[in-house]
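Here's a solo chain for you in structure tokens, the form predicted on its own.
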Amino acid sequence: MRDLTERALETAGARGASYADARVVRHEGRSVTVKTGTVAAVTMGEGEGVGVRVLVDGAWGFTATRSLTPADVDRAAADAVRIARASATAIRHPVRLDDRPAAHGSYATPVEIDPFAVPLEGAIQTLLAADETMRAVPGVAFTEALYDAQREMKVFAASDGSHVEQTITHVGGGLEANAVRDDELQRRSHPDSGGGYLAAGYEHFEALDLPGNAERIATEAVALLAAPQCPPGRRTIVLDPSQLYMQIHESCGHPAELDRVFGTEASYAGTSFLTPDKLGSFRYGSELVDIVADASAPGGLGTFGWDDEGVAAQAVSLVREGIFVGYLSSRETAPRLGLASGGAMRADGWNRIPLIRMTNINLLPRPGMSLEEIIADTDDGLYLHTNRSWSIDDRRLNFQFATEIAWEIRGGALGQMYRNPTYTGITHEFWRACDAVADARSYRMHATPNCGKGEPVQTAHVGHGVSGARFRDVQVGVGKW
């Protein structure tokens, strides 16, 4: 692989590139889906290729090939230079990269049990057992159980002398029970609605204990059919980590992407209300809110050794004691604000150019109260659990979320179950209303394995460490018009 990356860089330099980098990527994956007692899908696949990115006269060029022959690597590098030279005729602002140190070394996800060395029969039997338990609960109409393992091995090299090798392994699994009565459908998921992924090995799938949680979520799905509709009004809400991670993803992670701020990602994923004039002064949330983009967090799907520009993994503060202080950035965007790259550039495979992506966007826990103690400290409110749907505008200001289930909090105790709970708000008003963040006892790493961005669309794996939090005076439910 080193010979191929060196060849690509030499060819690009000889054709006139002032900077070049090359990524050789090999991806393999396997997954099993069980639906209502049937093994619906077993997939296994792999692919590899090389992507070459170059700068010529201040403009980018990129091309890729699945062929790893020397001749085709030469052709890809030459094509990238031709594309960059053509693009340079229309640029308004030449690209300027920050001066990161040359990257050297290797990184691998810590794995106890290699998921690609374990026969799939074991995962299939676990899924079938959990599925059977869910279907045994009267009222359950259909079910789904999932196992997924993915591994990416990549070599990155750049014309500044950088050379790194990485092996990233992600494993996920989860359950979904659906109950139907007349025109009402209710579902419950475990461990969350995102697939329960971690950067880990097969040991993570075993720790999810899908058979042990199957009866609980099936019973809750059926109980929701008879539960009253979540009443509308202004309420105190407590968000479980299974919902809070998605709130952070949509209303904190995406608006902090600096390419969105500069308008280069407007067509697919929208722009951002976090304009540069707000950096360092805008009150994003209460003093309890500390949000960090940490590419070194254990278990996170956004954890790596170096990003796809060779920038070392690091923790970047986005919000500190409620004040907006940082962006997710790249070697190209950060210098426009006088900053160095935060190491947030990643590509969805060998045939895609890197984009600014979330790493692990974490709400740091606060010493003091556990999640259970926050609930006990709440006299009147709602406890919302497990994301069901979301909607947010292109600037990431106005949002509405729905969760699978909610419980009323009365006098510090959980009471009545509610179906179809929703809540809505304005991002900075919502986070300013945060008056409690749980401590490390309930801190969990959740994942979004399907974050879409770019055209053609790229799907990223990102992580979110959260412990749960309380918010005051939030609009919940759907009112009558």
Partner chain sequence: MVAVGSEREVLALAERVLGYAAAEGAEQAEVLYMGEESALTRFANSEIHQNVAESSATLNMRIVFGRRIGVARTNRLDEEGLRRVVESAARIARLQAENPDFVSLPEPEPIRPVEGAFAASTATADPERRAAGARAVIASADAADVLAYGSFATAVETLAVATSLGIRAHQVSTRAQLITVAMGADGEAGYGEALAVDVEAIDPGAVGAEAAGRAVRSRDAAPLSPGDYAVVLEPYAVADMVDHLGWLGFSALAVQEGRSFMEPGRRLGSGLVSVCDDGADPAGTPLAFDFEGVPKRRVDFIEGGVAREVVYDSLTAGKEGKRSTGHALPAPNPWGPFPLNGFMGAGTASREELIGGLERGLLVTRFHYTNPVHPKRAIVTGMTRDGTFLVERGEIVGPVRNLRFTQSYLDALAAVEAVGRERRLLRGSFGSVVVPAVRIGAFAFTGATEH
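Quantities reported herein were computed from a predicted structural model and do not represent experimental measurements. Numbering follows the first chain given and starts at 1.
The same protein also has a form predicted together with the partner chain, omitted here; what follows describes it.
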property: Interface segment, criterion being heavy atoms within 4.5 Å of the partner chain in the model of the complex, picked from 97-105, 338-346, 296-304, 392-400; result: 392-400
property: Partner proximity in the model of the complex: G270 to the partner chain, non-hydrogen atom cutoff 4.5 Å; result: yes
property: Close approach of G415 to the partner chain in the model of the complex, 4.5 Å, heavy atom; result: no
property: 4.5 angstroms heavy atom contact with the partner chain in the model of the complex for P70; result: no
property: is_contact(E184, the partner chain) in the model of the complex, heavy atom dist at most 4.5 Å; result: yes
property: One residue of V155, V137, V180, I323 in contact with the partner chain, assessed in the model of the complex (non-hydrogen atom, 4.5 angstroms); result: V180
property: Listed residue that, although the partner chain is not shown, lies within 4.5 Å of it in the model of the complex (heavy atoms), from S370, N351, S159, T219; result: N351
property: Residues in 440-470 with any heavy atom within 4.5 Å of the partner chain in the model of the complex; result: G454, E455, P456
